[in-house]
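Starting off, we have a lone chain in the form predicted alone, written out as structure tokens.
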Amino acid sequence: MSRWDDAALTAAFAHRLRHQEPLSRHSTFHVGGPADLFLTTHTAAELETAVCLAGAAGIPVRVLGSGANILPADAGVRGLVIRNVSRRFLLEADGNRVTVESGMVLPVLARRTARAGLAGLTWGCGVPGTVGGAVANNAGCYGAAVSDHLLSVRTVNAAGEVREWTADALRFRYRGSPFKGKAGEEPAIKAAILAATFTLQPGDAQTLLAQVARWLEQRAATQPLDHPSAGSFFKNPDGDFAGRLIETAGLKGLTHGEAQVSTKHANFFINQGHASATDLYLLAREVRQAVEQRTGIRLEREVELIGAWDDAEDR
């Protein structure tokens, strides 16, 4: 029996609301214990309804997209976890403005905008996250980031308040935003992202699609795509690369249980088969300590710990 009063959620979503759903089924690391409650929402309207109903019942909410960039605790996540797969895409009348629901995965958005002859988001072709996660994390690669072309974001909070934020009003930083607090800080904006609007530049569709193909080839050549991972584990420190620091410290191939520092890219940690979330956490802690001891640089996680990590340092 759930510890939460989920009657309103059950009435709205019936059999779709699950109890004690293993998050290992929904994280790209293939690890994580059970969510007390779990729901997949297919539209921004469903996501809004779920957030509002959970808020009214006092149930904590965590929204997941593709399950990338997170490390769910072996002990699971309390409250409601929502898997957001809302993916409506609207190319507006001016031809350069795109509004997309937050559950669309970036590779799909990258290809759709490229095919439409719109430049600015093709770098997302190899990023496994969703638009919502990308906005919250200010995701980026190849010298670009989500905030470069973001016009506005629509959100809903637990009180049911829907708000449109201009990008200028949001304090984006390297791999961070007001939707994602730093360790020891509360996020300034406690809300679920429903949709985002981007302003892009006209480009040649064939040229953009060729760029997508080149970046995908580069990704396959440099990243361990044959094992579960969550993308880059640590943020790059100013003027350097986390992968270079880890490799220089001689840590490629280091293991803890069945978690390993990839031998292909040192800032990717992989699940070799049956790693636990704790294995990955302890491996990352050992790597960070070794790099700090060698260089004086303390790496900051890009991958976010979620759930019952009460004893973890630097949440």
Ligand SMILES: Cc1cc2nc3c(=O)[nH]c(=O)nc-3n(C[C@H](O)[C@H](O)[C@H](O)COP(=O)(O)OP(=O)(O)OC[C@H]3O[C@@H](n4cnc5c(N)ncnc54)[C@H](O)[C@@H]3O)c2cc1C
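Heads up: residue numbers just count along the shown sequence, starting at 1. What you see is a predicted model, and the numbers here were worked out from it, not measured in a lab.
Omitted from view is the form predicted together with the named molecule, to which the following refers.
*Asks:* Are all three of L23, L254 and N271 close to the named molecule in the predicted bound form, meaning a heavy atom of each within 4.5 Å?
*Replies:* The answer is no; none of L23, L254 and N271 reaches the named molecule.
*Asks:* Applying a 4.5 Å heavy atom distance criterion, does G79 contact the named molecule in the predicted bound form?
*Replies:* Output for G79 is no: heavy atoms all beyond 4.5 Å of the named molecule.
*Asks:* How about T28: is it within 4.5 Å of the named molecule in the predicted bound form, going by heavy atoms?
*Replies:* Although the named molecule is absent here, T28 would touch it in the predicted bound form, with heavy atoms inside 4.5 Å.
*Asks:* Report whether the minimum heavy atom distance between L64 and the named molecule in the predicted bound form is within 4.5 Å.
*Replies:* Looking in the predicted bound form, residue contacts with the named molecule include L64, since a heavy atom lies within 4.5 Å.
*Asks:* Contact with the named molecule in the predicted bound form for R115, defined as at least one heavy atom pair within 4.5 Å: yes or no?
*Replies:* No, no contact at 4.5 Å.
*Asks:* State the residue from L37, L283, I246, A68 whose non-hydrogen atoms include one within 4.5 Å of the named molecule in the predicted bound form.
*Replies:* In short, A68.
*Asks:* Within 4.5 Å of the named molecule in the predicted bound form, heavy atoms considered, which of G203, G176, G126, G120?
*Replies:* Contact with the named molecule in the predicted bound form is made by G126 alone.
*Asks:* Going by heavy atoms within 4.5 Å, which of 165-173, 203-211, 216-224, 236-244 lines up against the named molecule in the predicted bound form?
*Replies:* Careful reading of the contacts points to 216-224.
*Asks:* Could you list the residues in 95-118 that come within 4.5 Å of the named molecule in the predicted bound form, counting only heavy atoms and keeping sequence order?
*Replies:* The stretch touches the partner through S102 alone.
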